[in-house]
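First, one chain by itself in structure tokens, the form predicted on its own.
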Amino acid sequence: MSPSSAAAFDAKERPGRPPTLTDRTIDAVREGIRNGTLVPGELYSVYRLADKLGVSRSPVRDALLRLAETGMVAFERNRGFRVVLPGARELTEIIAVRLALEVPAAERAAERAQEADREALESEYKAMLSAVAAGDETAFMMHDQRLHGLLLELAGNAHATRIVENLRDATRLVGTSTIRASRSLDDVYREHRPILDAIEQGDPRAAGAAMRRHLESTGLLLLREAARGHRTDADLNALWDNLVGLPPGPSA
């Protein structure tokens, strides 16, 4: 783990209660996945991670068990753990959960947003544009995640916010490959404009529909990237229809 990850471990704060050592370890592992110091497939030692973070093995194991529940890591008995790159089914399940949480959250955000909330959303959107201009993928993904987080917070469900944050981290490595192979940062940036426009207009139905289009577009690209060379389009359509309930089409 990089020095920046260790610093993030020391500095991380959570509203409402002081972070436990397990919370802080989860944050440090997730930051390692985000910045590329923890990569899929490589075997890592629980003991070495505990030493780097300056904590005992117990909170590290507890943190990794919780991350394993999200599919982000997998244990190898008596050897350590690996960061897991999700497969086609896992990605489709993740998108189904995000649709269930983020579409109604966007609708509620359109109902509840005040001027300060809309300004905060626009600030993140402008920061995304700056990252597009700079070609800074890391900064772009950070502001993208913050924008989605603000929408979830407006909906008032802190648990949903944490769930989506974990799910986004689980798909992050596949997501960056779709940006390189299938779409540009500018494409992703533009997909958010209809969501913010609907919130500005106080239109819950339009906000939910725009969020659904954005998540479906993202989900289909993630799915096809993960399944490249392993599944046919018919397989992917059946998987999507079974788990999401809407067959993928050109307008998704």
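Note that residue numbering begins at 1 and tracks the sequence as displayed. For clarity, every value in this text was computed on a predicted model and none was experimentally measured.
The following text describes the form predicted in complex with the DNA, which does not appear among the structures shown.
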- Query: Taking the DNA in the predicted complex as the reference, which of 194, 59, 40, 204 has a non-hydrogen atom within 4.5 Å?
  - Reply: 59
- Message: Given that the DNA is not shown alongside this chain, does residue 55 nevertheless sit within 4.5 Å of it in the predicted complex, heavy atom to heavy atom?
- Response: yes
- Query: Does any heavy atom of residue 239 come within 4.5 Å of a heavy atom of the DNA in the predicted complex?
  - Reply: no
- For residue 75, is any heavy atom within 4.5 Å of the DNA in the predicted complex, or not? yes
- For residue 104, is any heavy atom within 4.5 Å of the DNA in the predicted complex, or not? no
- Task: Using a 4.5 Å heavy atom cut-off, indicate which stretch of 26-34, 41-49, 184-192, 213-221 touches the DNA in the predicted complex.
- Result: 41-49
